[in-house]
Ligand code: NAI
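Given as structure tokens, the chain that follows is alone and in the form predicted on its own.
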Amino acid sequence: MADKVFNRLLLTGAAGGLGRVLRERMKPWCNVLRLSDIADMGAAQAGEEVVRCDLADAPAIDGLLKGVDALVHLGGVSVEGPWGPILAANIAGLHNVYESARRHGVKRAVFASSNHAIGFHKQGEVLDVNAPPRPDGNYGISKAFGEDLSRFYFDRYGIETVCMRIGSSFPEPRDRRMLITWLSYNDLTELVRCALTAPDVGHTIVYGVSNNRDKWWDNSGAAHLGFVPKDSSEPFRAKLEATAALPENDPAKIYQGGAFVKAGPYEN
């Protein structure tokens, strides 16, 4: 992307693991990158605006969306856990984001959904982008909700959204399951770029996964994004296959969501 496509982009969840990766990589795409999180993000650098706020604070989020051309929404609780914090950040907070986007005329969003929205599909089953949600916990429920909420805001208000069902995005895969679900940082960056710039995306679901040897997810229905992953988990296969395999009757070995399917229940 040689020329800056946007005046101001918003990145929520900028203090998180993937937010820190995208903070530097998104700056060439815009004149101003507005960063937001509930946690400390450090000082604003050249070409940045840093706004610390809570997704559950509707007035603060309304101000956050003012003057924004498009947003990449990574903010919220990013792991499985009790319902209360997930409800506040991932459900009420996401509604605040989309309501503010509507009021301020923002017409493109990239939403960090998750493979945990479909985590109770079985391993080995190949899912296309129209596969129904089968969330594997409170976190997965919130991501399935986000996919539906963003579809409503497209159908009713014309806000286009690309929902990225992110697999496992780390510097390298951490276990055998991630040989299939791994998304490299370079491929994540390319997916976000395509999601922001592809024309007429409407409401699109796409799996965030690299070009790994074994596949559970079929992105042919999202080909209009132009996303072509280049990396593969193969260089890590020998090391991970030398580790102990899970028992065949372990739910983390049976279902695509891995260990998330076994988490909880939680005390209120």
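All residue numbers are counted from 1 along the displayed sequence. Predicted model only: the values in this text are computed from it and were never measured.
One more form of this protein exists, namely the form predicted together with this ligand; it is left out here, but the text below deals with it.
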Any chance 192, 206 and 222 all have a heavy atom within 4.5 Å of this ligand in the predicted bound form? no
Looking at 76, 146, 173, 137, which is the one with a non-hydrogen atom within 4.5 Å of this ligand in the predicted bound form? 76
Which one, 150, 96, 114, 184, lies within 4.5 Å of this ligand in the predicted bound form by heavy atoms? 114
Which of 194-202, 105-113, 121-129, 155-163 has heavy atoms within 4.5 Å of this ligand in the predicted bound form? 105-113
Would you classify residue 9 as touching this ligand in the predicted bound form, given a 4.5 Å non-hydrogen atom cut-off? no
Taking heavy atoms only, is residue 26 within 4.5 angstroms of this ligand in the predicted bound form? no
Indicate whether this ligand has at least one heavy atom within 4.5 Å of a heavy atom of residue 70 in the predicted bound form. no
With heavy atoms only and a cut-off of 4.5 Å, decide whether residue 15 touches this ligand in the predicted bound form. yes
Pick out the residues of 38-55 whose heavy atoms come within 4.5 Å of this ligand in the predicted bound form. 38, 39, 53, 54, 55
